[in-house]
Every structure is written in C-alpha cells, then in structure tokens.
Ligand code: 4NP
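Only one chain is included here, represented as structure tokens and corresponding to the form predicted on its own.
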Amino acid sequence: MKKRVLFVCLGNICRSPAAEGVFRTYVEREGLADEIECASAGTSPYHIGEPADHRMQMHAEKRGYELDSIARAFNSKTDFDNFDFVIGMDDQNVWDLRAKARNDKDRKKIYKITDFAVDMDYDAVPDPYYGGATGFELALDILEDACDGLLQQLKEIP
C-alpha cells in the first residue's frame, strides 16, 4: 500500500509546493515512486488555481526541482482520508490543520516538517513570500534537510 504525504502551507504557492517538488525528486531518485506519493495544499484559499510563486520556481529549478503543482485549498473532508501524513510548514499551519481535524485519527496524521530535520536546527520553514532571494534559499535548505529525514523515516515503515 502506498504511503501518501500532503505538504501544507498558507497559500500553497511557496513552501508546500517546494516541499512537494523536493520530496518527489528524492522519492524518484530512490526508485520509490511506486511506494510513496505526495501532494501539497494551502490552509487558505488565497491562491487556488495558481502555479507556484515564480521566485520559488526559479530557486528550486536552480537546484534541479520542478514545481508543477497548482495551488489548492486543504480539504478536511477528503485530505485526512486520502493522506497518511499531513505536514505543515510552521506552527500556524499545524494549528490550522489541528483545528480542521475531525477526530483523533486525523490529528495523529499531522506533523511539522521540521520534525523530520536531520542536520538543520530550525523550528519551522519561514515563509519567503515577502522576502528576498535569501528567504527562498533558506526555505529550500530547510526543506531539503527535512525531506531527506522524512524519506528515511518512511523507508523504515513496512
């Protein structure tokens, strides 16, 4: 049975599509695309139907990641049922997800991306939307580290 991961940020145009792109690349490199799949969503409907922020796409592309998802809002009626791991980018995302949870089973699927960090000591992935290039690079640095840790943990689950 496939393990399914949903990455969630506020608008689904910077951090969560980047997490999806990084993680998908790692999964494909390991030859695990038949076992693990991922997607992304936002806790708000601000950017539904839009591609990832062009700045995030540019920085991700320089590192070899393709961000091709289209923004959508998190749907508590289906996403908790369709995904095994629902991973927020910061505390606010996690709080919003917990507020949308229907029961304890849903709440047990919610994590923060930095829970999986291996080498970096950040409490969250800062939202780069209103910042400059260094913010996008930092977000990608944190996501690369945490996505690597997440993949290693998922590989250990039968």
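These figures come from a predicted structure and were not determined experimentally. For every residue, the number given is its place in the sequence shown, counted from 1.
This next part talks about the form predicted in complex with 4-nitrophenyl phosphate, which is not shown.
4-nitrophenyl phosphate is not shown here, but in the predicted bound form it comes within 4.5 Å of a heavy atom of Cys9.
Taking the partner from elsewhere, Ile13 is found to have a heavy atom lying within 4.5 Å of 4-nitrophenyl phosphate in the predicted bound form. Taking the partner from elsewhere, Asp127 is found to have a heavy atom lying within 4.5 Å of 4-nitrophenyl phosphate in the predicted bound form. With a 4.5 Å cutoff on heavy atoms, His47 counts as touching 4-nitrophenyl phosphate in the predicted bound form.
Only one of 39-47, 25-33, 111-119, 57-65 places residue heavy atoms within 4.5 angstroms of 4-nitrophenyl phosphate in the predicted bound form, namely 39-47. Residues of 65-88 are not found to place any heavy atom within 4.5 Å of 4-nitrophenyl phosphate in the predicted bound form.
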